[in-house]
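One chain follows as structure tokens, the form predicted on its own.
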């Protein structure tokens, strides 16, 4: 009961923040009944997915201060687990998704124990290396289709199929990921007030002081890394059923890992709303700029330049991201 009360407790946020959050929640709930294109629907689904990716990264990267640039490997583990179990053994999403989370968390423990002996940029480089190595292994592993990947054919299954999560209409996928999105917000609101959340803040500020207070720094990092991994793996399993074509380059590339980290940093790492704000800015920019400037105007790559300039401008003005800018404006007004 205390966990539920803490999850639903938003008293430390100003009323304006909660009003805006409520309006956004209402908009998301009714978005499918509003006039929209299939491209807009796909963009909003990606926004919800990457918001959850960012929430997961924010636990270890934002609250813990550990820059993890290898989260895509856990997207791949979750996606491949669901795809393999569905196509080879016809096992439902609701069973394969927890199995994928277990595989991902186990892998995170195997990696986390030695990796968290490293600090700073050494840790970041090590996470990149482990992710790329796993991606290369999947590209030559015939059981998972090697570089060709795995295709989930919706023709094999009736639609809508809520057991296997096979739908012809994106609206079903939309509402499912929206439910995951709201659950993720509630969990993160509880997490930041939990004992582990306070321990991570102490570790981020000063590890030596945290140890002197009796905090097991190494174990706290490993536990948080596992939580971040679980977030990412769940969405990876959803990704497999939604996209229906899983390849190593699509699910385990370095670009995805960097994008996940950048969104949380841009919105405000170490804050509840930061990953959501970052995803709300970068995902539409990524989708629409690529469509307008790349496909239509023929300016291939200009979207990435604009994308990078926005990130650098905000980072130079306020290292804590957009949420940091909001808090700075509030302090000045007070």
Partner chain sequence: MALLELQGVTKSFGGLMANYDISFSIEKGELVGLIGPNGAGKTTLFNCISGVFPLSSGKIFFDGEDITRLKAHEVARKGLARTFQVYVASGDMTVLENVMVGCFMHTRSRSKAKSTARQILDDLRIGDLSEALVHELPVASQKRVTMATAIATKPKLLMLDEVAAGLNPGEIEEIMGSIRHLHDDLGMTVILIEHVMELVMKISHRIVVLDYGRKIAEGPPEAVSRDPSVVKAYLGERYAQDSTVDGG
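Quantities reported herein were computed from a predicted structural model and do not represent experimental measurements. Residue numbers count along the first chain shown, from 1.
The form predicted in complex with the partner chain is left out here; the points below concern that form.
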Looking at 187-195, 82-90, 160-168, 236-244, which stretch has residues with any non-hydrogen atom within 4.5 Å of the partner chain in the predicted bound form? 187-195
Answer with yes or no whether residue 148 is in contact with the partner chain in the predicted bound form, where contact means some heavy atom within 4.5 Å. no
Report yes if any heavy atom of residue 331 sits within 4.5 Å of a heavy atom of the partner chain in the predicted bound form; otherwise report no. yes
Contact of residue 153 with the partner chain in the predicted bound form (heavy atom, 4.5 Å): no
Is residue 215 one of the residues lying within 4.5 Å of the partner chain in the predicted bound form, judged by heavy atom distances? yes
Looking at 102, 222, 178, 202 here, can you tell me which has any non-hydrogen atom within 4.5 angstroms of the partner chain in the predicted bound form? 202
For 52-85: residues with a non-hydrogen atom within 4.5 angstroms of the partner chain in the predicted bound form? none
